[in-house]
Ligand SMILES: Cc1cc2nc3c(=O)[nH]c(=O)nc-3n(C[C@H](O)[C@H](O)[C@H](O)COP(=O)(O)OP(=O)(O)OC[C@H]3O[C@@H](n4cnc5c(N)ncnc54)[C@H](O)[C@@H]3O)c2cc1C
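Take a look at this one chain, the form predicted on its own, written out in structure tokens.
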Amino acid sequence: MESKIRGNALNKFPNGKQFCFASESQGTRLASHWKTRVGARAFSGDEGSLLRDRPMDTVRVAVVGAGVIGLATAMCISQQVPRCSVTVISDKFTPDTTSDVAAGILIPHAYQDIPVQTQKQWFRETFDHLSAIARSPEAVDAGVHLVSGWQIFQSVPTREVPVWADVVLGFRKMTEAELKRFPQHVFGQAFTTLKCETSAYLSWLENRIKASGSLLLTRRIEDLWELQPAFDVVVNCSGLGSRQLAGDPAISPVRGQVLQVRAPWVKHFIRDGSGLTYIYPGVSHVTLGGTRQEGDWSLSPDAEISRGILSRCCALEPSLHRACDIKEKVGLRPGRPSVRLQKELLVRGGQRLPVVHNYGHGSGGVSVHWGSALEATRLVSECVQDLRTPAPASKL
């Protein structure tokens, strides 16, 4: 399913300092039955009882996966597709999802085989959505806020002004005075973007989904066909789980290891243009990263990698030598050459099950989650319209 994370215990760094890494128990829990979460009714085993009191023309939609992609998609469907009931089904919910490990800053990731303008649209729709939250009284509960900082490069990039420069706020090239902070770098970009405290944001999304009357159910799905005939449309947002659920060998883990540290004096983000070294300040901690290890399934934090992350980040921001309360986090991003966002019609024994796939966002999921969810919702609307359109009468 969507979630793969884990934390670690006590370790030592080579400089003689001892750091305490908070331990987390985040192993995979296999659920062979339905479990009720707050706001959901128990599943009794009778498929019809799950939504027995629904109006006859209500289309039943199941969203599989409860990371940021799954919850955003469920929320969009509940808001935009009339006469639908939405149920989110996952074996993991916050704080146990891969999305909970994500740093949550909005800086786009480039996807192969997706038009640049489509990627920009997804990013803009996500930026606009989170900007509205950041300006509202919901900002604190949702964990969404503005953050300013620098993206720096050791060589001048081919494209000095990226295609998304007019989406973020105040984009400009860094001045020579600013670049003096980073003597190993020759070019930089300054701008203001948005950051999600992902665990808070996931909880906020869950609450909004429940308030709309939708359900959250804990269940491990082995086959999408399990959901037929209880549901009319299935939306697959299962991340790495799509290797099994969608039979997709193109999706594989991209291991990410980060540190969460207490350093409240750090106010500006710093990101190396490679994307492998970054400092992202948040409300309760600063996230230091990172790694991008393709095909690595290990959820165990690596002490040597943690030392390297801290060393690289201290080179950019020396005050981080004073950081404390250091925690290691590991997540397995759902890596794929390109996002899979498309419809598929499953047919078995004469029965049909429309499926919308929305997975494979890799390290860029938070940055495009709302735009991607809106696109998936449009596809769900098409499936619903097809279900509500009477089949043409056969001619004898």
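Numbers for residues come from their place in the sequence shown, where the first is 1. Keep in mind that what you see is a predicted model, and the values were worked out from it rather than measured.
Below, we refer to the form predicted together with the named molecule, which is not included among the displayed structures.
S.K.: Hey, of 178 to 186, 208 to 216, 300 to 308, 93 to 101, which bit sits against the named molecule in the model of the complex at 4.5 Å between non-hydrogen atoms?
M.R.: Looking at the partner contacts, the answer comes out as 93 to 101.
S.K.: Considering non-hydrogen atoms and a 4.5 Å limit, does the named molecule approach G241 in the model of the complex?
M.R.: G241 belongs to the contact set for the named molecule.
S.K.: Verify the contact flag for G371: yes if a non-hydrogen atom of it lies within 4.5 Å of a non-hydrogen atom of the named molecule in the model of the complex, no if not.
M.R.: G371 lies outside the contact set for the named molecule.
S.K.: Can Y278 be called a contact residue for the named molecule in the model of the complex at 4.5 Å between heavy atoms?
M.R.: Y278 belongs to the contact set for the named molecule.
S.K.: Would you classify P354 as touching the named molecule in the model of the complex, given a 4.5 Å non-hydrogen atom cut-off?
M.R.: No, no contact at 4.5 Å.
S.K.: Of the residues I326, M75, I105, A200, which one places a heavy atom within 4.5 Å of the named molecule in the model of the complex?
M.R.: It is I105 that has a heavy atom within 4.5 Å of the partner.
S.K.: Of V234, V258, V144, V86, which one comes within 4.5 Å of the named molecule in the model of the complex, counting heavy atoms only?
M.R.: Looking at V234, V258, V144, V86 one by one, just V258 meets the 4.5 Å heavy-atom criterion.
S.K.: Under the 4.5 Å heavy atom criterion, name the residues of 358 to 388 that approach the named molecule in the model of the complex, in sequence order.
M.R.: H361, G362, S363, G364, G365, V366, S367, in sequence order.
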